[in-house]
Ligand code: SAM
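What follows is a single chain, given as structure tokens, in the form predicted alone.
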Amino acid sequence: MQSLTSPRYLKELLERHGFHFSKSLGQNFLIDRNILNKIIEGARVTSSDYCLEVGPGVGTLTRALAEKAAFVAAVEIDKRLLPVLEETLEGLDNVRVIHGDILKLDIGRLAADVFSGSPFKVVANLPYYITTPIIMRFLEEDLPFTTIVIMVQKEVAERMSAAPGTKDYGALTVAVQYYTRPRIVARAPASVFMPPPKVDSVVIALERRDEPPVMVKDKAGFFRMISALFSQRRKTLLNTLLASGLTDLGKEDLTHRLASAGIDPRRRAETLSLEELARLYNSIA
């Protein structure tokens, strides 16, 4: 089979199957071998790894993963791509294509069935329009992944890896850095895709932490506070907390609690580190 990163061959393949790109599904297929190799290297795929791919498209990344991994499960929502994948993945006995929506599938059951309950790596070129919901599903549902290596929109990667006090620092940053250690793998201009998107992309690796870097009294409550704080990021901590309904404390008591935690109530959420946010939550929980 010719290389799936060849624009000429890819165009011929898609025309033969009568396929047309869907803007609503955010379909942009990778046509750069160098970036493809960097994704595989960034995921550190070995012959003992199980890999879950979201949105295999024509199978470019799927084939590359299958060459390295023990087994690859690829979830594709677009049924028009199933015959394409049947052709491009022919002869690979360590790949299973699953037709479905990753946001609706029971991923825990899928992993148990396909990977026999073994830990797995998520490796994908994600559709931009559902990047954050997919990431948050894997983080919040305590799924047995070890690493997530994904191609995402540049601004999303910047938000995930941001530092306190920057414009990109927000609720997504806190969630990603609570559960994982983000690491930028590669940068990808729009020209490495067919068709080219309107934005540049970044490959980012999220290495799962053995334990969260901070201890909070209640994880669900902590993230409710995070959501409230960053939804009104221009307000001071004190005013946001008083208006949020997260605490029954009055202004004076709340000011005292924040001061006892070493946090100035006039600060804004975007200036607080993960450690300070945990201290803040534990002081009012």
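Quick caveat: nothing in here was measured; it's all calculated off a predicted structure. Heads up: residue numbers just count along the shown sequence, starting at 1.
Only in words, not in the display: the form predicted together with the named molecule, which the text now covers.
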So in the predicted bound form, does Ile130 come within 4.5 Å of the named molecule, heavy atom to heavy atom?
yes
Contact test in the predicted bound form: Asp142 vs the named molecule, heavy atoms, 4.5 Å
no
Heavy atoms within 4.5 Å of the named molecule in the predicted bound form: does Val202 have any?
no
Taking 4.5 angstroms as the cut-off for heavy atoms, does Val45 touch the named molecule in the predicted bound form?
no
Only one of 215-223, 247-255, 56-64, 230-238 has heavy atoms within 4.5 Å of the named molecule in the predicted bound form; I'd like to know which.
56-64
Answer option from Ala157, Ile102, Ala188, Ile148, heavy atom within 4.5 Å of the named molecule in the predicted bound form:
Ile102
Please tell me which of Val75, Ala175, Val84, Ala162 lies within 4.5 Å of the named molecule in the predicted bound form, judged by heavy atoms.
Val75
Pull the contact list for 27-45: residues with a heavy atom within 4.5 Å of the named molecule in the predicted bound form, in sequence order.
Gln27, Asn28, Phe29, Leu30
